[in-house]
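Here you get one chain, nothing else, as structure tokens; it is the form predicted alone.
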Amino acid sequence: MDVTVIAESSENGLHPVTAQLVGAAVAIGGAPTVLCAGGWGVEDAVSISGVAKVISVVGDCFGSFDGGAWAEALSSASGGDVIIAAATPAGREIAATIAAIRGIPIVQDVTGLAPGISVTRPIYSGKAIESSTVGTPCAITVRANAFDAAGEDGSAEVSTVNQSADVAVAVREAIAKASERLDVAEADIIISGGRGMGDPANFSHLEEIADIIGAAVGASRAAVDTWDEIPHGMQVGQTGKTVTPSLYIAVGISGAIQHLAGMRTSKYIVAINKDPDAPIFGVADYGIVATWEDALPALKAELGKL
């Protein structure tokens, strides 16, 4: 079940009801994605138990509250079978607007939620309780304190969606983040070189590409053992650092077992090697049979167009 939770947050941070919304999502079997409007409350949202992913939705529309503008921005970043928001004035307006944008049903003020999207809510000023089953996709707002809050031992991954009307601003922010060199163990994108790079000085070509895409530069054990200029801290592999980035680019790395053990869980692997029989191609999602001298200039040129 693909569930999106719209966090109740502001410049002051994350409202406690957000953890209750996650609890509601878990009750129907979802490992939700949490949207944080304006990027507020991301640090707290990632620690909520059961959250699969946190998306920081930023943009100039979040300077002041406008339910329609916020709904447009959040809707484009949300997916899912079920959208859950808090039954607050802001939450009701945003959820209802998203439902209207998508042409899906919405149930407001829910106090009970079960698998199969069976919902209960008070009606007639609380004099009766309505029970119903809602088809998906749908939107739901949940009353505060109707569900137990999820715990605080989560460690969800974070991504950012920039909805700024001024694209130039969004691009500048992206480039600013890309310019921050990350440690290999923390990076979401890694470009690594092996002994096939021929000389430690040639790692400068990897660094140039890393600067463009905001990646960390890694190395194979063979490169670290061969050249003193390549420090052990860059080593990816069983005897180095185990990494799980979204994108791993291996250049001039044959693919020894110990190296594969440290990076094969990467979400997407691109391998560049002049040997078509190199073991690295066995785990790569996309392989390029070429020398680094031919491949890297072309890669840099294409990335420069982005």
Ligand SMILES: Cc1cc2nc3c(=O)[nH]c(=O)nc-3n(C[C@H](O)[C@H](O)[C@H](O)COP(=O)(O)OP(=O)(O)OC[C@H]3O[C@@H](n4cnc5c(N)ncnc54)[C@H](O)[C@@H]3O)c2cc1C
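Only the largest set of C-alpha atoms that superpose within 1.5 Å between the two forms is called the rigid core. Source: prediction; values computed, not measured. A residue's number is simply how far along the shown sequence it sits, counting from 1.
Missing here is the form predicted in complex with this ligand; even so, the following discussion is about that form.
J.: State yes or no: in the predicted bound form, is some non-hydrogen atom of Q235 no more than 4.5 angstroms from a non-hydrogen atom of this ligand?
T.: Flag for Q235 set to yes.
J.: Using the partner position in the predicted bound form, report whether E293 sits within 4.5 Å of this ligand, counting heavy atoms only.
T.: Because a heavy atom of E293 falls inside 4.5 Å of this ligand in the predicted bound form, the answer is yes.
J.: Is S49 a contact residue for this ligand in the predicted bound form, using a 4.5 Å heavy atom cut-off?
T.: No, no contact at 4.5 Å.
J.: I'd like to check something about E43: if you look in the predicted bound form, is any of its heavy atoms closer than or equal to 4.5 Å to a heavy atom of this ligand?
T.: No - in the predicted bound form, heavy atoms of E43 and this ligand never come within 4.5 Å of each other.
J.: Is it the case in the predicted bound form that G13, T33 and E157 each bring at least one heavy atom within 4.5 Å of this ligand?
T.: Zero of three within 4.5 Å in the predicted bound form.
J.: Since exactly one of I55, V270, I28, A278 fits, which has a heavy atom within 4.5 Å of this ligand in the predicted bound form?
T.: Looking at the other structure, the residue within range turns out to be A278.
J.: When this ligand is placed as it is in the predicted bound form, which of 78 to 86, 142 to 150, 126 to 134, 216 to 224 ends up with heavy atoms within 4.5 Å of it?
T.: Result for this chain: 216 to 224.
J.: Using a 4.5 Å cut-off on heavy atoms, what residues in 232 to 267 are near this ligand in the predicted bound form?
T.: Contacts from 232 to 267: Q235, V236, G237, Q238, T239, G240, G252, I253, S254, G255, A256, Q258, H259.
J.: On a rigid core superposition, would K274 pass a 2 Å threshold for CA movement between this form and the one not shown?
T.: Yes, because once the rigid core is superposed, the C-alpha of K274 moves 2 Å or more between this form and the one not shown.
J.: Establish whether a shift of 2 Å or more occurs at the C-alpha of M197 between this form and the one not shown, with the two forms superposed on the rigid core.
T.: Yes.
J.: With both forms fit on the core, has S75 moved 2 Å or more by CA between this form and the one not shown?
T.: False for S75: its C-alpha shift is below 2 Å.
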